[in-house]
Ligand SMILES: N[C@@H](CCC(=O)N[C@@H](CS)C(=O)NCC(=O)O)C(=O)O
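Below, in structure tokens: the form predicted on its own, a single chain.
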Amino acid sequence: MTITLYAHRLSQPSRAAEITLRELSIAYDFTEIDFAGGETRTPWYAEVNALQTVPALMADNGESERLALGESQAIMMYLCRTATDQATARRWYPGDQDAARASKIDQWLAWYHGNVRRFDMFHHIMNLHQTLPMLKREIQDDLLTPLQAGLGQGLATLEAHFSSQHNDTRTPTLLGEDHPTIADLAIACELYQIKAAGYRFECYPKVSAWLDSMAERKHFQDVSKEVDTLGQEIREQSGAYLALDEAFG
């Protein structure tokens, strides 16, 4: 079976899907898609992913079986269901093997869209970084500040959830287990994107510890190198405009 991931490493969901491939030791080909330049809207890509988003996965056995799949969460679930190493895969997502545990992971993935992903601010940060100085304050005040306020509510929910686990000896995870799940991975990729740009989570120490533990995983580090590089550039050149001392206060 040949696996091809169509993605971009500045896309949070793309990174989550790629990290899953690596965590499950699944060999894959990587095709970078210039989603910012409109490549997802080209006819050839529409044949890969009718949803015209990144990431997309193509699984082809060279004969009759050929699966084209969009949406990172569907991709991660598929990979866990079909991985050769099921012992590892089920720790990330058990599927039908443990419906109750899978449903708790599904719950957090569903929550993530309306409470974390909804407040994605990284692309506004990139616009702030690249735009003229006279427009930077406008982007911060009109676009970033409302997103910061919205995300703060989700961070408070995560902090309360992690605190309720009453476990001071182990880094928290969404299910309170030793091993993270694909829900941890999806949300961590989202929050790491703005952490790389300079955002801090001191007001949410449990969230901060959890995010650090996810970011310390080898595959997470390897797939996040482009985000780290761009984040450092943003911190050095545009940090003063991000009003970081006022974020998540």
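Start at 1 with the first residue shown and count on from there. Model, not experiment: these values are computed from the prediction.
What comes next is about the form predicted together with the named molecule, which is not displayed.
- Taking 179, 137, 113, 170 one by one, only a single residue has any non-hydrogen atom within 4.5 Å of the named molecule in the predicted bound form, and it is 113.
- Of the candidates 41, 218, 200, 66, 41 is the one whose heavy atoms come within 4.5 Å of the named molecule in the predicted bound form; the others do not.
- Only one of 68-76, 97-105, 160-168, 83-91 places residue heavy atoms within 4.5 angstroms of the named molecule in the predicted bound form, namely 68-76.
- Residue contact check for residue 223: none of its heavy atoms lie within 4.5 Å of the named molecule in the predicted bound form.
- Shown alone here, residue 31 lies farther than 4.5 Å from the named molecule in the predicted bound form, counting heavy atoms only.
- Though the partner is left out of this view, residue 214 does not reach within 4.5 Å of the named molecule in the predicted bound form, counting heavy atoms only.
- The named molecule is not drawn, but in the predicted bound form it has no heavy atom within 4.5 Å of residue 204.
- In the predicted bound form, the named molecule lies within 4.5 angstroms of at least one heavy atom of each of the following residues of 34-53: 35, 40, 41, 52, 53, in sequence order.
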